[in-house]
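Next up is one chain by itself, shown in structure tokens, the form predicted on its own.
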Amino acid sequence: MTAATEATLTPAQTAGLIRRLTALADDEIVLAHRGGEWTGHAPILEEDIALANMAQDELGHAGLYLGLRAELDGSDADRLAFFRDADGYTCARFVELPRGDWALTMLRHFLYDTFEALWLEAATRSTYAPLAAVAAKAVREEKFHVQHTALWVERLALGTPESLRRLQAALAELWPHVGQLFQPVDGEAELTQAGLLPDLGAVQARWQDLVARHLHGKCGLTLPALPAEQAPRTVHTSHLAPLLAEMQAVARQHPDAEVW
């Protein structure tokens, strides 16, 4: 396929790319905030630092996605992050859920990071050169996240009866929402057909195989059934609005500030 640029995209392709890039960025922003809530509260100092670094990485990826969007529509990343209400966000409910305990946090990151690593790996072959370049830059970090959280999930599963119980409970809470990560945005099928975006179905098949082999095969967890349907990304949990209120408080109090 011929490499695409901003100039060669059709209006429909541009709109579809903006929707997908925004959804990815919104997932990253909200998940990073949940990770940041552990600062000063992680079980050990090294993990406090590690999770804070991972949250910074996720915010960095959000900046990359919103930077790609800015090239398409001239939008401002900070305005999008700090001045949209919950109704304007398109994150998955999976990342909105409260931080929970350490088992839920590590399991959520493992499930999400595996999805993102596979998506980015596929996106390195996008015919949209700017996206392929960003994916090549971010995928290495995401694979480190997967390695880190996979080890924690294994450690908890094979640790004590209590850590195993908490991990299984976290899986029961998270699993009903995880399918939303693979929900296409409007027009995504056409973008995939044009080679601009990864095939979500193929990404999900690889994700299910890897996740099942780790969680069930290695860790001995019981995987619940995936729900047949997921709510659209515009329908949020009650947890998103208070999260955004906290995250956006300073920016909204000083909307014209140029130096922090």
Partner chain sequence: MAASPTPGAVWQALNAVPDPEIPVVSITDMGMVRDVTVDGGGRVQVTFTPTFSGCPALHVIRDSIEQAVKELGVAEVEVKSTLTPPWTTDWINEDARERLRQYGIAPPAPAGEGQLIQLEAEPTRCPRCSSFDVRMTASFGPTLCKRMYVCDSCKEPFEGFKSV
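Residue numbers count along the first chain shown, from 1. Just so we're clear, the structure is a prediction, and the values are computed from it rather than from any experiment.
Only in words, not in the display: the form predicted in complex with its partner chain, which the text now covers.
- Val146 is the sole member of Val185, Val146, Ala92, Leu171 with a non-hydrogen atom within 4.5 Å of its partner chain in the model of the complex.
- When its partner chain is considered in the model of the complex, only one residue from Ala103, Val134, Leu181, Leu111 comes within 4.5 Å through any heavy atom, namely Val134.
- If you check its partner chain in the model of the complex, you find a heavy atom from every one of Met54, Glu121 and Glu141 within 4.5 Å.
- Partner contact region in the model of the complex: 209 to 217, out of 192 to 200, 209 to 217, 223 to 231, 32 to 40, criterion any non-hydrogen atom within 4.5 Å of its partner chain.
- Taking the partner from elsewhere, Leu66 is found to have every heavy atom lying beyond 4.5 Å of its partner chain in the model of the complex.
- Using a 4.5 Å cutoff between non-hydrogen atoms, Ala117 counts as a contact of its partner chain in the model of the complex.
- The shortest heavy atom separation between Ala50 and its partner chain in the model of the complex is within 4.5 Å.
- Though the partner is left out of this view, Leu156 does not reach within 4.5 Å of its partner chain in the model of the complex, counting heavy atoms only.
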